[in-house]
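Structure 1 and structure 2, given next as structure tokens, are two forms of the same protein chain, each shown alone.
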Structure 1
């Protein structure tokens, strides 16, 4: 059957439609809002790309997306924030001593476990004794150090700070940190069935976020870390530059508006470079023999295993790669926000959004994941103003003081979840494989 014009140019038409929506926001709202949405869409698309690598390539059901994103945000703090010298002086030794005790305990257990093979009961008792001794030693040094650190000017610092390196260094470090945690999780959980894997990743994600919220000596917890360094110029510095003043005058824009727009354009350019590199690498991997092997494992693990493929090892590899991409996106999001807010990581809510992006865009298609990231985040942000506009026009014939009109206008501000649900249902009904389906490769 001859393909229609839409089927031939599906990707171009859909991305053009998405671009048109962003332009309409710039025209009818403001270009600052349009660029803000565009930058958030880019970060969301990178997260969706990471989930697509896990699910679309290998069929791994990871519900711990926000945990890995939080690790990326944590990397931004640990890499870019300046070192708090006073905190290190009063509590740094206790933290380092506790860390060395943990490492020594773990290494001792790993060395002793395989050497005691004959008497298994004594092996368990020795390991148990080592763990108790290690935990006791940890508390002796760690707890006083933590209390001392958190008492150092808690309204401003109360934590150790970071390394004071450029914030861009935190992006790959966020990916490495998430990949390391994913490796540990994968070694334990990837032997489980898909539904158990989902439960395990969700539980571990909650644990990661709870630790980040409560360990104030490391992240300031719910007090947040503000003032993260930027990889782009500050608006105040731009406004004081003569060349920028001339440029703003040429464009007939106020200095505040012009500086805000330029900063957001700089962020967009950085994000575009990252997503372009990740997309190129993902597409190259998907077309390679490794990509064909992963799709074969996804479609039939038993047959792939019978052909001599190590299914568990390949699952671990792709799980680590996808988590690294998510961690990098988490670091980028924290950089864009300029602050680290642990309470903002809500595993169920935002993990659901990322999964909807992958499903609607097209599972197994990298371009589809990026389109889904743009599409869902755009409507997640714009559902409120669009809902208010629709309700205002539908109720324009009512009295201004009408309680029904007031109730409808008040409820229109909470249309996000309903809008995303409707989009998901309609897409699954008329495009069950996603807006840009996976290409059938031989």
Structure 2
């Protein structure tokens, strides 16, 4: 029985296939490219894991992945970059005062709401007035502070800077930041029907990105934050270390190649540790009574509710946990990039692509999510060279100067959008459970 052999060792076979693909890239393109892809595959896999926790465990349709990933990226900046003393001096007061006003406004709204709730006619007006008051106060203190901060050496800083802590601290902090925001979002939006929840989260994630892009005093916005500190050694330092020179000589590699490879391997090791811990945690959670309950809720909300399970609370919990994982992955990605570029956050790449990973991999299965992360990221990157190669071959009979050929070759770059779309549509039709389907547990 060939089929049963495949069924039994499905995951192993698929992961080996994935590994082979990466090795082929290493052999045919370069090991550096292969490792770069591998590292991004790992980060994508963690994001997919986060989405899978929300969708696969609880059926929550969160299309705000991008926002949480960006919050993680922001955390890297706020944790690791050095504090800009001058900016704090000129604008710190304004920002803190503004922050205080926001807190006061929100608190007073929350306190007053239960008291005016019954007054159907004026309740929204009262809240509205409070918000307007708060907003005006905010602008009075905030605006001068912001202007002052953004004027401090705008080409280099022009923002408050961070805490100057090691960037590894940012990973859990990114998770916590995302979790905090997810808590607020979940509180207000989780009651919505699934497609409304999708649109709401999509909208919220866009709002988060717009804020990050425009609040330059905090994030430098579109000016980007470059030169984030690294958790791993720098190539330059490696190249000067005697032990490394020996090692490179031993491997018979040029020094700069060897150093960049080692740096990538270091990142890979760090990411693998994170992914292993997360995987162990989520598998344990799935097998626990809690995991059983979550599946019960996902499969039949009404029945689970009738059995006395607090569906809303459990949904909120899962939403927060999943978002935290995504936030952490976002921080890791920014760390790997070494820079924070708010313009780079596009829903196609950061939200929908992650979703495709989860669906292809097999929603509800952690290994599936990881495989999906690898598989889709690999194709996202490699579809372009593969497409170019195919088109170059197909059109080789055409004249080299033919405008059609030139157009086709130029268009090959967009093959990946099409490829991913087709992969998703084919999976939904012929293998809706994904590459590694969810295990049927009793």
Partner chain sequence: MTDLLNAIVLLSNFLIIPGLSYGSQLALGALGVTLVYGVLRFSNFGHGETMSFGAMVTILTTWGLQSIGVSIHPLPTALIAIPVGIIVTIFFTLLIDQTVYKYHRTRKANPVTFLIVSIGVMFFMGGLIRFIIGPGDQIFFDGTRFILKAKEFKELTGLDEGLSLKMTQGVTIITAIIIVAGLFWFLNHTRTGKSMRAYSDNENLALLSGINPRKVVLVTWILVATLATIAGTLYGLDKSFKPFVYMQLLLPIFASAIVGGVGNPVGAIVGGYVIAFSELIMTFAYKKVVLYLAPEGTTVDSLIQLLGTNYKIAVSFIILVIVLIIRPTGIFQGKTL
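Quantities reported herein were computed from a predicted structural model and do not represent experimental measurements. Think of the rigid core as the biggest set of C-alphas that the two forms share within 1.5 Å after superposition. Residue numbers count along the first chain shown, from 1.
- Legend: structure 2 corresponds to the form predicted in complex with the partner chain, while structure 1 does not.
- The Cα shift for residue 157 between structure 1 and structure 2, taken after rigid core superposition, is smaller than 2 angstroms.
- Core-superposed comparison between structure 1 and structure 2: the CA of residue 314 stays below a 2 Å shift.
- Core-superposed comparison between structure 1 and structure 2: CA of residue 108 displaced by 2 Å or more.
- Once the core is aligned between structure 1 and structure 2, the alpha carbon position of residue 425 differs by 2.8 Å; this is the C-alpha shift at that site.
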